[in-house]
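In structure tokens, the next block holds one chain alone, the form predicted on its own.
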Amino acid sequence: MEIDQFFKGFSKLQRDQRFERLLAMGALSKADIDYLKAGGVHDLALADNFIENSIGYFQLPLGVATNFKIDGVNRVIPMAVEETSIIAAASKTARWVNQCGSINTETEGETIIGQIQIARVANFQALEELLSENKTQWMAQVNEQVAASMVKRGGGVEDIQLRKVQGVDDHDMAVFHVLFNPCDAMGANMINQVCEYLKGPIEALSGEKVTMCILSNLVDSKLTVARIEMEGVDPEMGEKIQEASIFAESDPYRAATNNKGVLNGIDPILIATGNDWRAVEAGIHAYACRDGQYRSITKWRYSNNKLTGIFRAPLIVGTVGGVTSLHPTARLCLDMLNVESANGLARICASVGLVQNLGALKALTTVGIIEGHMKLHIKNLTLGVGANEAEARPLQKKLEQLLAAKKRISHSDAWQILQALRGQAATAPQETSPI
């Protein structure tokens, strides 16, 4: 069966039918399906190892976005998220991209950044000379003493740089930037250990006092890039998407919401794979205001019947170590993605974020954001007012009709319609048994 046939009508299938499709295409194994049907991990002892004072697990719905072809490879995208419409919008927009164009990705740079701060530097010039004389030796020492395992995998410390930063009371601070290749790990713990190790020789040789050693989440030394190119896009739609993009590039109030929409596609993958979504968000938001104004991390342009979108930002993730290796659901989701490296996972995240952004801009500039979102929100309203299984479908149908007519629906609308349906059921003629 072609991949498009696996995804055809996927959202209309019952859960067991979805499992059958994912099993047939190799995205899940029989053991994976049994694990998911059992409700996932329930091992409280495992929770005790993840966090302090654990009392249980907080479950998020886990779904899959479909129709994604990234760098020519078909992907099933696991997403753990509570918000209605994210998975549906991603899948629908990905199908549109497949029909009209392609998604291609790359990684610019390989190193993350650790910072060693001297809050009140006595002699910055002497510190520069010290670094020039000792950098090669320091790098060799730390790679041997702290990062030997990472060096064996092709990583380790690749450079040490020095920056002067304005401090308090007219005192300059000196900040060493340690550039470290973490390979397929996120690298947070390792880069922190590297910085702590380098603190010793820096203090001993300089006479300066190191005040802080910590990684930076603004990793502009390693950027993930995703690009969408689409042919044959309606000129009016293409120009509206471009105008909406320029709005987000120019106005920080719009940029904040635009970037949240991009992260609607990224965060659920990070959560599903056990990655630190807070670190990724911090890095993306910091990068978005690197020139002094908060701006969109995506850019769309329409020209000569072609729509082009670009995502470029730091997106530091891991596929080994930590929760990604230890949590069984995170492991299952990484296997589903079939990624071979941390860079590969980052490029998938960037692609889904860019697709999510395109879907939002298309909705905003055509039917508006409410219609599509509220149509999917109808199920939540149905549950919220207490409709039973027999009442759910007729209530949803009435709410869809009301939404089409009024362009808005509320919890109050759902409650009133449900009471009306129950009143009709109570007054309907009852069947009697033949005598």
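Numbering starts at 1 and follows the sequence shown. The structure displayed is predicted, hence computed values, not measured ones.
Beyond the structure shown, there is the form predicted in complex with (R)-mevalonate (MEV), which is absent from this document and is the topic of what follows.
Note that among 110-118, 254-262, 344-352, 205-213, the stretch whose heavy atoms approach (R)-mevalonate (MEV) to within 4.5 Å in the predicted bound form is 254-262. Of the heavy atoms in Ala360, some are within 4.5 Å of (R)-mevalonate (MEV) in the predicted bound form. Not displayed here, (R)-mevalonate (MEV) is approached by Glu83 to within 4.5 Å at the level of heavy atoms in the predicted bound form. When (R)-mevalonate (MEV) is considered in the predicted bound form, Leu364 lines it closely, a heavy atom lying within 4.5 Å.
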